[in-house]
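As structure tokens, one chain now follows by itself in the form predicted alone.
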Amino acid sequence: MEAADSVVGLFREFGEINLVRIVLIIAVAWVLLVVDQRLLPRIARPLPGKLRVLLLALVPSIRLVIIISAVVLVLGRLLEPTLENMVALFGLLGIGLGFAIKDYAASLIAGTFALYETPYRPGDWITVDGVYGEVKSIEFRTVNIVTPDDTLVLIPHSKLWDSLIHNANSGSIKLQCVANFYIDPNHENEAVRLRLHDVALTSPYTQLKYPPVVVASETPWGTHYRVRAYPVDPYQQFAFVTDLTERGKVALQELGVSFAAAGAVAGSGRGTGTQ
């Protein structure tokens, strides 16, 4: 009974509570959340690369500010604003979270860290537990990414604690793409390397600010060439790799080069990260 009386004592008398203002606060917060979640991403889409990434990165932070502000304003009209009441309230909330939703709370805490450590932002292309895709939104419990196959994947923020997170562009438009070529070892190396470099340099998707690089490595079954270059925009990465692969194959055939018959993996790769 004493515990119940203590909880009841936290709140104002019913006649002192302004329900109209509370409803108005909730309604305004809901409208602001809708604007933040739907309107800002639409405004960001047609903007240039860096400005788009910056605006998308503000979406989860703005949402957090809106929700915290609404909760504080509502509680301020429901509770007696005394130090004892606030300490008691947060103590009860802490105990409830600790026992009832431990895993959920871990994801919430990790999500809060994610907003400030920014291991990923909306617009980033990340890999978590082998899943690659674009970060579409950062919720309180999960980061939502869309894979190249247009599949939505919800990843708990708690993965921050025990998983490697690969961020291909890390808040920028600089995303490295790799096209792979597997050549029979009997060929003129310099001619192949220069031809592949020209293919990358003349691609309509190449960001010329970052010159392409051709890397070669010898394997038991042949020579592996990797064309590493950056597209103008991260959204072009798959079209870019396709263009490099198709044009590179034609260019090598014109040189009379034979492709490796065994041991070759795929002839193309996705964005692998920034340098």
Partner chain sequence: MSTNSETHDSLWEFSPAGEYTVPTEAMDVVRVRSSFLGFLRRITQGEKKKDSPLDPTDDLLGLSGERLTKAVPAPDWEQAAEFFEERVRPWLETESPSKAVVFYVAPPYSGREEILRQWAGANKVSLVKEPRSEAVLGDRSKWMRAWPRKGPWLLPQLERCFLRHASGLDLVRELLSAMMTGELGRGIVGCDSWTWAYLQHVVPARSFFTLSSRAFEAHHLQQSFGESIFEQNGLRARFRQADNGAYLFPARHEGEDIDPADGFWRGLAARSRGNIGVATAYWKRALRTLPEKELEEKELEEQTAASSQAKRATIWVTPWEDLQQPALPKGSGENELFVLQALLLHGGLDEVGLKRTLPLNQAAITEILHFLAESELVGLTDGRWYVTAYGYPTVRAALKTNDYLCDAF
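Quick caveat, the model's predicted, so the values are computed rather than measured. Positions refer to the first chain, counted from 1.
Omitted from view is the form predicted together with its partner chain, to which the following refers.
Asks: Contact check in the predicted bound form: Arg21, Arg63 and Arg77 versus its partner chain, with a cutoff of 4.5 Å between any heavy atoms. Do all three pass?
Replies: Result no, not one residue of the spot touches its partner chain.
Asks: From the list Ile173, Ile165, Val146, Val178, which entry has a heavy atom within 4.5 Å of its partner chain in the predicted bound form?
Replies: By the 4.5 Å heavy-atom cutoff, the listed residue in contact is Ile173.
Asks: So which of Leu55, Ala70, Val232, Ala216 reaches within 4.5 angstroms of its partner chain in the predicted bound form, heavy atom to heavy atom?
Replies: Exactly one residue meets the criterion: Val232.
Asks: Given that its partner chain is not shown alongside this chain, does Leu152 nevertheless sit within 4.5 Å of it in the predicted bound form, heavy atom to heavy atom?
Replies: Leu152: no contact with its partner chain in the predicted bound form.
Asks: Give a yes or no for Thr202: in the predicted bound form, does one of its heavy atoms lie within 4.5 Å of a heavy atom belonging to its partner chain?
Replies: Looking in the predicted bound form, residue contacts with its partner chain include Thr202, since a heavy atom lies within 4.5 Å.
Asks: Taking its partner chain as it sits in the predicted bound form, is Lys159 in contact with it (heavy atom to heavy atom, 4.5 Å or less)?
Replies: Close contact is absent here: in the predicted bound form, Lys159 is far from its partner chain, nothing within 4.5 Å, heavy atoms only.
Asks: Just checking whether Arg42 would be counted as a contact of its partner chain in the predicted bound form - the rule being heavy atoms within 4.5 angstroms.
Replies: No, Arg42 sits far enough from its partner chain in the predicted bound form that none of its heavy atoms falls within 4.5 Å.
Asks: Partner absent here, but in the predicted bound form, which of 178-186, 194-202, 121-129, 138-146 has residues with a heavy atom within 4.5 Å of its partner chain?
Replies: Checking each option against the 4.5 Å cut-off leaves 194-202.
Asks: Which residues within 226-249 place at least one heavy atom within 4.5 Å of its partner chain in the predicted bound form?
Replies: The stretch touches the partner through Val232, Gln236, Asp243, Arg247.
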